[in-house]
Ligand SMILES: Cc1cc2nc3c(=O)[nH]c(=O)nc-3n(C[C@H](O)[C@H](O)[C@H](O)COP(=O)(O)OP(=O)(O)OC[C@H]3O[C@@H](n4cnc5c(N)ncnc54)[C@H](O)[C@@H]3O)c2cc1C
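Below you will find one chain, with nothing else, as structure tokens; this is the form predicted alone, and questions on how it binds or moves follow later.
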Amino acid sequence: MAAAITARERGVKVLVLEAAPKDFRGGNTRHVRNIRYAHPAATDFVTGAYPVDEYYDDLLRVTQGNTDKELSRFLIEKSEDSADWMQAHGVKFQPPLSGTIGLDRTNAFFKGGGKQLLNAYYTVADDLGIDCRYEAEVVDMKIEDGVFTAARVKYQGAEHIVEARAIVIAAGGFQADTEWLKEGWGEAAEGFLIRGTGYNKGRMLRVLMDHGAQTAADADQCHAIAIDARSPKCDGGIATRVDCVIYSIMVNRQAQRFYDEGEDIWPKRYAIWGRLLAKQEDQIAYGIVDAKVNDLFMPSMYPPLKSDTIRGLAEQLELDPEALEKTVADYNAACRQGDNKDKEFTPGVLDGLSTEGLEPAKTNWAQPIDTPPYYGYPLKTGITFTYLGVKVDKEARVQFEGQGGRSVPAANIFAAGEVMSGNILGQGYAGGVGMAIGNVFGRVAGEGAARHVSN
């Protein structure tokens, strides 16, 4: 929509083809809550400055440097006017959110969430005379030597050929195509749940790849988090997320811990847990907490299992009671040792309260699980979107394979959003970056497409 609105405001005729029905329009944006963007000072919806350099450092850290550094810097610098652009197109922001989510300074939250954001955009699109067709699936494109001429579209029971002078691909990833996920994950992908839209099957990405488009990121890289194991197969959205991890111990089917739950604050680590769960038996694990901390994170959509004893909780979770009792006892014994005896448990910040002599260690928020009732959260891998996408340049032009493997920018094919997110996100994630990618590269793509048509 950012691309469509930008192109239309520059005077060209725009047709939006949406594979989903109208009620499910907008892909994963329906489920979003905020955008991470650079800004020099506090506003009515962020509590302080978030400089370009800090944003860039955060991105390098979560991706471990697996990013196109030039494009990432470009994204962050261009994000500085994202909130202003959104507001100018009807998007409303709410006052800063404080608490365990920890994003009140860096991210602006949409009033009414992603659905309100989409409704605002589509209202603007309608006012501008943009033609939006729903349940119109693009199944193929005519591309010759990197030049797009037409799209083949299934619409109202028939196939249509749509000719255009430029095209913007903003069709998302392939997370709803289990067979494609298996190319990166093997049979484990059968156990994945899809947080986002079930309409993102990667058709446009595959067509571009078949025509020689270069790619960024790998097939197994994605935004994957821990969600409630009882969630629906597709489209559960933000409500299925469970934020207990950093205050819990996480155990697998064998009731054994397998990673440091307290490595960092939740917004900077929640996106690694989907991958960690994917490596466990049946792609499932269980967050175990006690009454001291169960109210320190956002309530889950599904109530946790509950018992006055660890043994009773293990039986409800269908885990070996002796094994879980030993895991909890070993963890409790490793808390409050050595230099940690007098450290204070402090939610929301890295408090340094760690275990000693335990492998893996818990490096923050480590306090004994000893206050009944005890709660258990069954968690599975929830895929939001995949990172494998087409390579682009700063003009959002799709890059094709030229002689000698060199990159050749397409004349009139542009990409924005998740379908090119691999340029920025080779791995890892920081909350709100996806919306920045969509807004910034959407506007750049729309402007580029309009410029090409006008010329």
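One rule holds for the numbers: they count along the sequence shown, beginning at 1. This structure is a prediction, so every number in the text was calculated from the model and none was measured.
Omitted from view is the form predicted in complex with the named molecule, to which the following refers.
Put simply, of F148, Y247, F385, W273 only one has a heavy atom within 4.5 Å of the named molecule in the predicted bound form, and it is F385.
Shown without its partner, this chain lists I265, A219, I238, I284 as candidates; in the predicted bound form, only I238 has a non-hydrogen atom within 4.5 angstroms of the named molecule.
Residues within 4.5 angstroms of the named molecule in the predicted bound form, judged by any non-hydrogen atom, belong to 135 to 143 and to none of the other stretches in 185 to 193, 135 to 143, 319 to 327, 356 to 364. Remark: W180 does not count among the residues lining the named molecule in the predicted bound form, judged by a heavy atom distance of 4.5 Å or less. The shortest heavy atom separation between E9 and the named molecule in the predicted bound form exceeds 4.5 Å.
Interface membership of V32, defined by any non-hydrogen atom within 4.5 Å of the named molecule in the predicted bound form, is confirmed. Contact annotation for G417: at least one heavy atom lies within 4.5 Å of the named molecule in the predicted bound form. Contacts between stretch 413 to 438 and the named molecule, counted in the predicted bound form as any heavy atom lying within 4.5 Å, involve A416, G417, E418, Y429, G432, V433, G434, M435, listed in sequence order.
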